[in-house]
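The form predicted on its own is given below as one chain in structure tokens.
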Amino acid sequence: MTSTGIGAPVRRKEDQRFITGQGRYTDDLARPGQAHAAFVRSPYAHARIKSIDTSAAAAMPGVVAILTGDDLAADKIGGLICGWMIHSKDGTPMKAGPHPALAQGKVRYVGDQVAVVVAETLAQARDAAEAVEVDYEPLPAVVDTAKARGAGAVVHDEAPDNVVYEWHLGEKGATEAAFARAKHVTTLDITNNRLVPNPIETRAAIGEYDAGTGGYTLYTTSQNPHLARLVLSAFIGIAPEHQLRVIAPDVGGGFGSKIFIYAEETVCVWAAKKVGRPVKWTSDRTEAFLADAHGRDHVTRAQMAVDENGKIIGLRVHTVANLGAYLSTFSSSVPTYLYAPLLSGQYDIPAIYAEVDGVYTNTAPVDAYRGAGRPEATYVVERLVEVTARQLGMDPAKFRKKNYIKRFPHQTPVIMNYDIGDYAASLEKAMEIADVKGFGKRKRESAKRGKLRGMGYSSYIEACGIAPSQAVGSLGAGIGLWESAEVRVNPTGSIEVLTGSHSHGQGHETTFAQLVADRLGVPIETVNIVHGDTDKVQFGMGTYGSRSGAVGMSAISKAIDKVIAKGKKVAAYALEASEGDIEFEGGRFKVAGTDRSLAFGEVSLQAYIAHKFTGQDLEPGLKEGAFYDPTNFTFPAGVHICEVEIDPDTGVTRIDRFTAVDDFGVVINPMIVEGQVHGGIAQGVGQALMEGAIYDESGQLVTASYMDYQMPRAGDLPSFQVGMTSTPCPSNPLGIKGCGEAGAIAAPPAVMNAITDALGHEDIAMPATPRAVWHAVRRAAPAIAAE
């Protein structure tokens, strides 16, 4: 390992420009002659559009154009799509209603785009948007996930009962048989609260049209610009793919919410041609609350069956998943194939049966948010495991260890084949770091001060680097999930790496460069990572699902293999030796058994000079590309332990200790990985203790600002204790598993298990706000008094 190679805690290269204000985000860009867009949004959750009067607004200062859904239809611009087909258990396809970029005939949630005003300045556009008069006929709205089916309010005519699909996975008969012979059955009703992603940078878009070439350019806050280009061209019909360039510059956070193709970016690039000028839109924070895709929102009844020996023998789950008013880009897959296949958790459960009903409501679309289905599955499993252990009178750690999978590979009854792991090692290390043995003493000390103390475990597993393409295609994915890379070596030996992945804060410019520096033996400063521009980088699949390391870096590694192989050929000519005698090590090409060698930069120069091999069987240059399609998912896993102290008089919960021990396989940069864990835990704690998007009965989002939607702050979090174990992943050449979502997956059940342990009962749901905890304490008063 070099000081900057694989395994080194290298400081992030990109932070220099970020912390000095030199980053280039979409909103920082100003195109010559650009105009500004403001959207007219529906104030109703459900209504017919009777008419739109733009005359007064059009006469206001600076207004360039006002466009509606009728204009979109006249230009034959198609609607937004959902890219993952799900079939119901009876074999029928999901019921996908239309999703126009500007509403046509009906609005279906508060914030739905009705029209766009383009003006000289943003202030003028916003003023004119307020002057657009829309005559609405309000309709009944449905917002409650559990009551969406047959609610009377029909969101889409294509789904008269508001059910998108009734999907299932697993063997129902085997699961029923397991429950029939169970010694004990645990039943829980679980709500996974709706979340708003809230990245620091809100979404933004600039559409531009070049009348000379007929080409379009879209600057946008996207985690996958190539997919945006594909959907906008092939499905929505903005322009042929070769006539559309998508550029995603620096992106300030995404957490999944910037994977999707949204109405606003579609409208901006279309409107640019209509008005003959670049059109820019940047979301304000209220728009982000209203119109960004939300996350989670499940209502579940879950049951766990255990035999007389304390072994889990069956799991039965029925989930109603709120998909919002429209099917977003990947929304259909999140509560199905990204959820149910993880219901085995880390446990050897022989029989599992899951049913998922996806439903429409008059709320913002719901799609992938950090973890995307995996947090929901882990919450179900880990709450069940914790409660089952308590009901059986078993130590929750011992119960987990008794039921862990111990032999690999392991085929679960719900698709997944876990390739490798050592779950007991993570548990033991986490318990040691967390000082579980000292918990009793700390609990007694809290009691002396009138406080309640609890400890909760979370043994999570997730599936990252979703692949192979053949497998996801068989499950309904409309795309492959491989990745591409190109390694360009310049004549002087400096290197440009073009990756189809993207970064929204994970540090790829550093970790990807570490891989190259390590493999080629060059200074990390000479390696430049290029991403986010469809005119520069060949087609790639972007970043989400902790895939950039396992899939994106594996593609880079394959391209590096080809660079080294060609470098050996060049070195053989330059050193007048046989290719078979050339070795590459430590950045030098050597003739085996001699002291003759050339540095990597010397060979790259020879490759471009080409004096020695012109006319031979070798082309000049040193540039190689590769595509990588994994053979399996990767399966990061670990154990998180949370310890809380509750003030029964106020309901305030303080996280006193939080320990995370994770197995991410081979770690490229431990400092960056630890940062990812910290951030994920913070988001998970946010969900458990404070975050929750709430709609009232009429469909108004009553948590549409930071005044009403609480986010975690530094004071809400302890200093995390982080440890790692490692079982290298066998399904990619680097042994990487992925780390970006772990904290958000593991933290919510750990926190809630700790809170319920302190309370002595299970009657509390996320978010466990002080008010909710205060009421839960009152319900637990007899049990607390008995202590």
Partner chain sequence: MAIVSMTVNGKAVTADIDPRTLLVQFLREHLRLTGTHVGCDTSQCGACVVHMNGAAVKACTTLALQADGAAVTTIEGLADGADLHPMQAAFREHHGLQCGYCTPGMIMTAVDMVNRLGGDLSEETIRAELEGNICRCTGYHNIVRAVETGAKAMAGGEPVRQAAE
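Numbering follows the first chain given and starts at 1. On a predicted model such as this, the values are computed, not experimentally measured, just so you know.
Unshown form predicted in complex with the partner chain; subsequent notes refer to it.
Peer 1: Just one of 278-286, 90-98, 391-399, 580-588 has residues with a heavy atom within 4.5 Å of the partner chain in the predicted bound form, so point it out.
Peer 2: That would be stretch 278-286.
Peer 1: In the predicted bound form, does every one of K13, H678 and S705 come within 4.5 Å of the partner chain, counting any heavy atom?
Peer 2: Yes, because K13, H678 and S705 each have a heavy atom that approaches the partner chain to within 4.5 Å in the predicted bound form.
Peer 1: Though the partner chain is not shown, can you say which of G83, P468, P249, G505 has a heavy atom within 4.5 Å of it in the predicted bound form?
Peer 2: Here the answer is residue option G505.
Peer 1: Just one of D161, D210, E120, E525 has a heavy atom within 4.5 Å of the partner chain in the predicted bound form. Which one?
Peer 2: Checked against the cut-off, the match is E525.
Peer 1: May I ask you to check whether R449 falls inside a 4.5 Å heavy atom distance of the partner chain in the predicted bound form?
Peer 2: Looking in the predicted bound form, residue contacts with the partner chain do not include R449, since no heavy atom lies within 4.5 Å.
Peer 1: Determine whether any heavy atom of F255 comes within 4.5 Å of a heavy atom of the partner chain in the predicted bound form, and answer yes or no.
Peer 2: Yes, F255 sits close enough to the partner chain in the predicted bound form that at least one of its heavy atoms falls within 4.5 Å.
Peer 1: Does D53 make contact with the partner chain in the predicted bound form, using a 4.5 Å heavy atom cut-off?
Peer 2: Outside the cut-off, so no.
Peer 1: Is there a heavy atom of A73 lying 4.5 Å or less from a heavy atom of the partner chain in the predicted bound form?
Peer 2: Answer no; every heavy atom of A73 is more than 4.5 Å from the partner chain in the predicted bound form.
Peer 1: For a quick check, can you give me the residues of 27-54 that have a heavy atom within 4.5 Å of the partner chain in the predicted bound form?
Peer 2: Stretch hits, in order: D27, D28, L29, A30.
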